[in-house]
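Only one chain is shown below, in structure tokens, and it's the form predicted on its own.
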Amino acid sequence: MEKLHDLLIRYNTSIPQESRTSWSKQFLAARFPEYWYRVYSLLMGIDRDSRVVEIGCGQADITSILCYLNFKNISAYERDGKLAHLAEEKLRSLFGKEGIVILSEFNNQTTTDADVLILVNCVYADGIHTKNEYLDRIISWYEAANKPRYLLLEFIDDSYIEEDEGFPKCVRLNAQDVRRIFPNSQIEVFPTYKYPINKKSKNLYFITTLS
């Protein structure tokens, strides 16, 4: 983990200031966001031959974990062309990997077989007006990935009650919401952000589907 941590700091330091997003600066700090460490630890226990789909890979800081751990079948979807380009450059430079980043929306028109589905530090709340609509969107991604066994999903927690136009209350979930859409599953919950120490509160859910 320490080696990858150092690799990412060195690489992210080399990105021009104008190319850095508001969250990419987190990966310049001495300690990365908690979700990064937690995702790394959880992926350590998963078979490297697993087919992985990541939704909203951004600049590929989570995708880098997959490459570093030698996962062999990775599809990382990113709908923003600028971010997708930065992600491609990072994976090529650090790991010599190409063809992982897919410049596309991942939706219910996408059909791919996955063993692991990752949605971390990504909300994609556009067009959503109710919590049920957001839960339906998550299920549609799960079904489009052919109901993978493992899911790593990070959600804004509904304990965060501040007004926030970028993250409406309808996309703020709790453990009961997650259990409702994945009833036959083993679910572990890990806090990753806590308001007001952080800008909002989030939890990472590690879900193992049992049927």
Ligand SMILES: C[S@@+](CC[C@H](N)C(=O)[O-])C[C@H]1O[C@@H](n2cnc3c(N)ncnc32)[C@H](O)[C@@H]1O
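Residues carry their position along the shown sequence, with the first being 1. Because the structure is a prediction, the values reported are computed rather than measured.
There is another form of the same protein, the form predicted in complex with the ligand; it is not shown, and what comes next is about it.
Taken together, V52, F71 and V116 are entirely out of contact with the ligand in the predicted complex: none brings a heavy atom within 4.5 Å. Listed residues T112, T130, S104, S93 were compared with the ligand in the predicted complex; S104 is the one with a heavy atom within 4.5 Å.
In the predicted complex, the ligand sits within 4.5 Å of a heavy atom of Y124. At a distance threshold of 4.5 angstroms between non-hydrogen atoms, R79 is in contact with the ligand in the predicted complex. The closest heavy atom approach of W141 to the ligand in the predicted complex falls within 4.5 Å.
Within 4.5 Å of any heavy atom of the ligand in the predicted complex lies no heavy atom of Y150. From the list 157-165, 174-182, 40-48, 56-64, the contact stretch for the ligand in the predicted complex under a 4.5 Å heavy atom rule is 56-64. Contacts between stretch 172-192 and the ligand, counted in the predicted complex as any heavy atom lying within 4.5 Å, involve no residue at all.
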